[in-house]
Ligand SMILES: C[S@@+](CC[C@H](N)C(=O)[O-])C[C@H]1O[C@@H](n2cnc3c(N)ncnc32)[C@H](O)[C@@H]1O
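Listed next as structure tokens is one chain, alone, in the form predicted on its own.
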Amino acid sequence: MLFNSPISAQKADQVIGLLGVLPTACVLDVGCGSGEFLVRVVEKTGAKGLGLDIQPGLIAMARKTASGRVPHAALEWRESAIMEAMLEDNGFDLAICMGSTHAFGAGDAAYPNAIRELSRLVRPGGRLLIGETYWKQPPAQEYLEMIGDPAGTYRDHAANISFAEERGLRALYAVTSNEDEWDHFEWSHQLELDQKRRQNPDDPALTEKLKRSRAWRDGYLRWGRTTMGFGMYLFQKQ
């Protein structure tokens, strides 16, 4: 998987083409993971960028990816939580958070905190691109118990947009992941663990991970595929 979210390369490139980022822009990516999305933004626009993630292995991967594809770009990768990064208000032209609003808080605090903090970090007239889950339909109690989240953690697609607009942002564009993207995302996790398990058949930790993964897969097939959605939302700060 290129992204730790149910997004195809084609959809990512489609959205990046709509961001309106200039070569002089400064872009922030919170929870950047292996850096693929931010690298694509920089490849397309020539902008400067800062990627934050708390996992050192992912930051190492991001640096390697960037050095191979945009070696001369003004890109910084920092192992840091967003709340500890000490970033200046109004310091960015675009702030991205793709499936990582949990970096701003747990449960139902995640999306509101992300909207507030990213708005603070983006200059007036700048933009926010947020990838966030939503409910396609009211979730079954069994599904909530499986994923460990209460129903109120997520909104529906329209409410993700209206929530941001009620806080002074202007919605410019929104797109949702389709079933093919979700299937690839969910089954890729399963396939990767299966391959690792075959290579290391006596590893008890992998055996346990695979067991949990299969339980998650079953929940996805029974409930998640028709219940959980993922949207990409482009907002402008007034």
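In case it trips you up, residue 1 is the first one in the sequence shown, and so on. Computed from a predicted structure; not experimentally measured.
If you look for the form predicted together with the named molecule, you will not find it shown, but the lines that follow are about it.
Peer 1: Whether residue 52 contacts the named molecule in the predicted bound form should be assessed with a 4.5 Å heavy atom distance threshold; does it?
Peer 2: Output for residue 52 is yes: heavy atoms within 4.5 Å of the named molecule.
Peer 1: With a cut-off of 4.5 Å between heavy atoms, is residue 99 one of the residues that contacts the named molecule in the predicted bound form?
Peer 2: Yes, residue 99 lies within 4.5 Å of the named molecule in the predicted bound form.
Peer 1: Taking the shortest heavy atom distance, is residue 82 within 4.5 Å of the named molecule in the predicted bound form?
Peer 2: Residue 82: yes, in contact with the named molecule in the predicted bound form.
Peer 1: Indicate whether residue 62 is a 4.5 Å heavy atom neighbour of the named molecule in the predicted bound form.
Peer 2: Looking in the predicted bound form, residue contacts with the named molecule do not include residue 62, since no heavy atom lies within 4.5 Å.
Peer 1: Here the chain is shown alone; which of 144, 87, 161, 103 has a heavy atom within 4.5 Å of the named molecule in the predicted bound form?
Peer 2: Here the answer is residue option 103.
Peer 1: Only one of 169, 66, 47, 32 has a non-hydrogen atom within 4.5 angstroms of the named molecule in the predicted bound form; which is it?
Peer 2: Checked against the cut-off, the match is 32.
Peer 1: Just one of 207 to 215, 191 to 199, 169 to 177, 53 to 61 has residues with a heavy atom within 4.5 Å of the named molecule in the predicted bound form, so point it out.
Peer 2: Of the stretches listed, the one contacting the partner is 53 to 61.
Peer 1: Going through 1 to 27 from first to last, which residues have a non-hydrogen atom within 4.5 Å of the named molecule in the predicted bound form?
Peer 2: Result: 3, 4, 5.
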